[in-house]
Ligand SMILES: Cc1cc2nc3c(=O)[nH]c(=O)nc-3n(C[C@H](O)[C@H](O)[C@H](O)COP(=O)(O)OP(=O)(O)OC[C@H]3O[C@@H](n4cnc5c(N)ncnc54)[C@H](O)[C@@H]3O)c2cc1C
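Just one chain is shown here, as structure tokens, and it is the form predicted on its own.
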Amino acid sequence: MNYQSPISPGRSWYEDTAGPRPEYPALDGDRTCDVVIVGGGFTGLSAAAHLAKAGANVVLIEAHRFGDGASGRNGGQLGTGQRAWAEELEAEYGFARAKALFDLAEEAKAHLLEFAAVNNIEIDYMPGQMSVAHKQRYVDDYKAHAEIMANRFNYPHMTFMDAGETAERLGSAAYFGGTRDTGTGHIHPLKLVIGTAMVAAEAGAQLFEQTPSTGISSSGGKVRVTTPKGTITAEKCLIGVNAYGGTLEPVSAAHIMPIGSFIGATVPLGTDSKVLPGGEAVDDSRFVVRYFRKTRDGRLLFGGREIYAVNDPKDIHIHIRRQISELYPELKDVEITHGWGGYVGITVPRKPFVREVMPNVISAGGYSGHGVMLSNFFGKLYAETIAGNRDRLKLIEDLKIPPFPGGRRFRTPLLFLALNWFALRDRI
């Protein structure tokens, strides 16, 4: 099977709080359509919804269930702009292109919230996000970043926090400063997955779960996607499997690397807890980033991208509780009700990967931890491309994304060594 299974069998808190989760049939028989989509996460489902609403005949297949990959198991943070800071993009591409990429990401944020509102999808949106420095020498960069965002990129919602304000807003003195962004927030991602699938189905998209792709080919102006019980023939194809593609398509596999991400959910901390009193989400400056937030019922969701030898969900609890206690010593014995893992798709420069990987076949992924916002919008941009306007998607297609070094045989051990080196660097 080409689909890469989740790291851990741990059941997520999202699964237990998402409400009704409709099941969709497995494909049984051949299909012919305008567009075939491989992958039932944010990218694929968003594309299916927008294409079907525009009148296209769409077939979407998912190897497991919608949201079983990163889209339904992530940290839920939206962020602002692209994964790379706007000034980093400006240094590489110049101001005009950096501003266009930033504006595209801001449109993605607005689109996600508007899509949920228009379609009555309750995504548990909570405002606010803080990015914090775990080393003193990074603080000046955060201060400059807030000023650049306001003065050069016309984004007034981000402010600098000194160490005192950071400690007060986090309820922890573990960080040295950072930024607070009131123009973004965090959501319940699985609720958005479920809602987007329902929108797509109601618009006429044919959706199939438990249907892995066993191969994709393109010849004679037609794309053929094979499955265990049928072949789908289409004019166009979107691959939206991100970190879960395995060997399904070699170009994507060379540019998108899966890395492990783990999240734990605590019991509700209570109204007297000093942890994140403003309800913002947080990400920190570690290369192996830590990210955490509180839910509407006061639980702490805490994630860390470490490569652990996890054979049992209880192991996740141990690792996550240790990281929590480093920031919040008073929570060293907190009960963790859920621990789960999954894969994040990253690229070498931490920029998204969008390419035409064979005639009439476009692959999108590599969101590098910034996918909640971007992947949903990329589905919309793909629908625009099918309608004849590829200009906006080309902004992403033209980004410089080199393949991972080492080829298929050596890239995974090389990445493992690199991540452990960066994890060590984070600690010194």
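Each residue number is its position in the shown sequence, starting from 1. Computed from a prediction, not measured in an experiment: that's the story for all the values here.
What follows is about the form predicted in complex with the named molecule, which we do not show.
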In the predicted bound form, which of 396-404, 24-32, 55-63, 383-391 comes within 4.5 Å of the named molecule (heavy atoms)? 55-63
Though the named molecule is not shown, can you say which of T166, T266, S131, S261 has a heavy atom within 4.5 Å of it in the predicted bound form? S261
Between the options V361, V36, V372, A49, which residue brings a heavy atom to within 4.5 Å of the named molecule in the predicted bound form? V372
Tell me, yes or no, whether G379 is in contact with the named molecule in the predicted bound form, where a contact means a heavy atom of each within 4.5 Å. no
Would G240 sit within 4.5 Å of the named molecule in the predicted bound form, counting heavy atoms only? yes
Is there a heavy atom of F353 lying 4.5 Å or less from a heavy atom of the named molecule in the predicted bound form? no
Please run the contact check for G339 against the named molecule in the predicted bound form: heavy atoms, 4.5 angstroms, yes or no? no
In the predicted bound form, which residues of 201-230 put a heavy atom within 4.5 Å of the named molecule? T211, P212, S213
